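In structure tokens, one chain follows: the form predicted on its own.
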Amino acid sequence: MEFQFDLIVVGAGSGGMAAAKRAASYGAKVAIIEVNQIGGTCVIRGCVPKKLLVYAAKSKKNMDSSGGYGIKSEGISFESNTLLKNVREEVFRLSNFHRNSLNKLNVTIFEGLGRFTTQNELEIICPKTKKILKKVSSKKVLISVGGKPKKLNIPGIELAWTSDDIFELEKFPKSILIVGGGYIACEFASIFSNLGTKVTQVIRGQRLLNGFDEDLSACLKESPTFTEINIISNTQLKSIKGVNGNLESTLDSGDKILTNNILIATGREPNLLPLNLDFLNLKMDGKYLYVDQLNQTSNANIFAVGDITNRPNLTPVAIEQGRVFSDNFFNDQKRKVNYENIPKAVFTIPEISTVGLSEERAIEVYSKENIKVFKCKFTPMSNTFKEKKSKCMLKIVVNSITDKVLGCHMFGETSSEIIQMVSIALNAGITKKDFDITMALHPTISEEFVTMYG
């Protein structure tokens, strides 16, 4: 059978674009199908616009608390409509940049919803009219459609926002209820609170950021930002209804909370349903598509990368998966993605960063008697004259038998920038002694990583 393309990528997010560009650079005839703006979750409704909101929140927080440095903030106002407009314009610029970069590599872009008709053929559907716009075929198909926000199955859920909706707002509300305790919920709680919105946060468990090191969770809850947030633990949202232009939330305790708006931030899930995959009988890994080390599904010519696979759902991971896929199948390389020591960050204020094993996970793997923990907590110099002083916390988890560093964790300003360099050290197999014999750079926050002695 003769195919129109060597590769069709379904989804122009980070992983899909990386694969398409790399394959095209090797001379492959490539097409990409996207139903929304080019860029995917990260560029359009995730990392990039969210980080711009974080910068705004940091700027306002610093101005509000810098009186001790002689900086007076009286008369300074915040116009959320200006911020949101500028964020949308930047997202539009970036989307066009990525579109142009695909065009320069002669990648054909199809606008519409991609849906499988055979293992090698797809039809492109207009999302509004549902009409078939075109049918295309390819030797290989890479699925990279990303995730979508989870929604609660409760009465009135249609009245609530998801994280995707935030960037389409015209202005911020005066009050908001945020449901969820993960990184998306905590980041938006931090953004809204520091930009003047009254925030209530409902979490199903006892603590914020389940899955992260417990000391990081504790530091976040104790920080000035989160002590100003009304956190309600061990409860769930049961229903929502409109009341005089506001929203009334009923919790499973029977308590009712009245806010301007509600944000459901209980995680994301693979956006596979529109693809019409059922007839292909692809093997699943829970709610994710099963893929092997080469990101190949159970169908030999269908591949998947990014948030639809049961791998760390992070932008750099998806990009590497896409590049490795194209290197292997369009340039005869034999590469694999290294999933060890992937750094992670939560862009709250202050921010959180982590790489390697948490203390709890290290104890599970190596047992408590074989683990040694080094930790320090202090007020950074930048907060010396601030009225509300947020602390920093740095932590190293070590295998006491081999002296190998298993994990590093940090809470505090610039922690994401610092942990990137630490992750290089962990990938190189660094020991605690290597930290100890490294000269400190004073006065910095990061010097504490090399001055913690047992």
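The numbering used is simple: start at 1 and walk along the sequence shown. All figures in this text were calculated on a predicted structure; none of them were measured in a lab.
If you look for the form predicted together with a small molecule, you will not find it shown, but the lines that follow are about it.
- 185 is the sole member of 308, 291, 185, 141 with a non-hydrogen atom within 4.5 Å of the small molecule in the model of the complex.
- A single residue from the set 180, 350, 356, 146 has any heavy atom within 4.5 angstroms of the small molecule in the model of the complex; that residue is 180.
- Residue heavy atoms within 4.5 Å of the small molecule in the model of the complex occur in exactly one stretch of 93 to 101, 313 to 321, 117 to 125, 223 to 231, and that stretch is 313 to 321.
- The small molecule is not drawn, but in the model of the complex it has a heavy atom within 4.5 Å of residue 210.
- Contact check for residue 136: every heavy atom lies farther than 4.5 Å from the small molecule in the model of the complex.
- In the model of the complex, residue 272 stays away from the small molecule, with no heavy atom inside 4.5 Å.
- Taking non-hydrogen atoms only, residue 73 never approaches the small molecule to within 4.5 angstroms in the model of the complex.
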